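The chain below stands alone, shown as structure tokens; this is the form predicted alone.
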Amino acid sequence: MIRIKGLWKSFGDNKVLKGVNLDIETGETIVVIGQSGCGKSVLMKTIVGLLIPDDGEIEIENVSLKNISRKKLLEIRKKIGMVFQSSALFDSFSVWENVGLGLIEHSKMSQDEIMRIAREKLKLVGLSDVEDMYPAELSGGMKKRVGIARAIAMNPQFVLYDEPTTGLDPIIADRINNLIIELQKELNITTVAVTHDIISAYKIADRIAMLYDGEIIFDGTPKEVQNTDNPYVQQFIKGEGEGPVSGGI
């Protein structure tokens, strides 16, 4: 599991995370929702160790990331696959090189073996015969799938998605949602996604947590989210411009 306790993160005078507490259970899919700019991506990057919190603690499988050695952090990162909002593919690398990047950097596998694994993971995300193409030749949905294939290339225990459906049309977005569900079941992984897409959250989540003003203000099942009388959650899920937070928009 992942345990987040009293997490604080600021950038200058801007306090983004203000004592976030959240437990993520093994094997579940949890979605963190919230307005754009509320700190969802910052939370995600602290979980994988790309950002260092100002205070608080993150534990992954009972190992605290606080004051951890770089070697131990790299070992833990190998258990985590990350799908970035922009897919973050390297334009000068072929598709198979993008998918196999972690294996190229952190294993002694041969090129043929890495290519084999890349093809295998691409097939899992519904892509075949694209391994020799380059990112510029791919559609937005295909790039997202390549990013997911890269995230699962090292057989992680956790996969984190940063805005997995942003920039995609509704049909492609739904296919990505279905893929997230299928991979979670087939690979038996723990899935964490951050999004402002409530339709996506309802579809993929076992549990939804809402981040508002630097804190988790609600945590429950999709049904509990729909039925809550929390005014901030209600305003968000209904997409209403008038409400408790309208003055700050």
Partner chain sequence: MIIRAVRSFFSYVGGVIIILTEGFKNFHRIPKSYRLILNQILSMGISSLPIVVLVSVFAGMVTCFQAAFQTKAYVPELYVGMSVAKAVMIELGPMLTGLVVAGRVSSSIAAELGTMKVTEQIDALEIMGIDPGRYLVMPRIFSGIITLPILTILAEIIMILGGLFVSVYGLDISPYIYLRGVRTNFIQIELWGGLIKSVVFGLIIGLMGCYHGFQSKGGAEGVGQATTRAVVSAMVLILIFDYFIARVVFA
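Residue numbers count along the first chain shown, from 1. Predicted, not measured: the structure shown is a model, and the values here were computed from it.
Below: the form predicted in complex with its partner chain, not depicted.
In the model of the complex, its partner chain lies farther than 4.5 Å from every heavy atom of Lys144.
For the chain shown alone, Leu101 is a contact residue for its partner chain in the model of the complex, at least one non-hydrogen atom being within 4.5 angstroms.
Its partner chain in the model of the complex is not approached by Met109, whose heavy atoms all lie more than 4.5 angstroms from it. Its partner chain is not shown here, but in the model of the complex it comes within 4.5 Å of a heavy atom of Phe84.
Contact annotation for the candidate site: Tyr134, Leu168 and Ile171 all lie away from its partner chain in the model of the complex (no heavy atom within 4.5 Å). A single residue from the set Ile176, Leu89, Val159, Leu122 has any heavy atom within 4.5 angstroms of its partner chain in the model of the complex; that residue is Leu89. Residue in contact with its partner chain in the model of the complex (any heavy atom within 4.5 Å), chosen from Ile199, Ile217, Leu50, Val63: Leu50. Note that among 183-191, 220-228, 42-50, 23-31, the stretch whose heavy atoms approach its partner chain to within 4.5 Å in the model of the complex is 42-50. Interface residues of 205-223, taken as those with a heavy atom within 4.5 Å of its partner chain in the model of the complex (partner not displayed), are absent.
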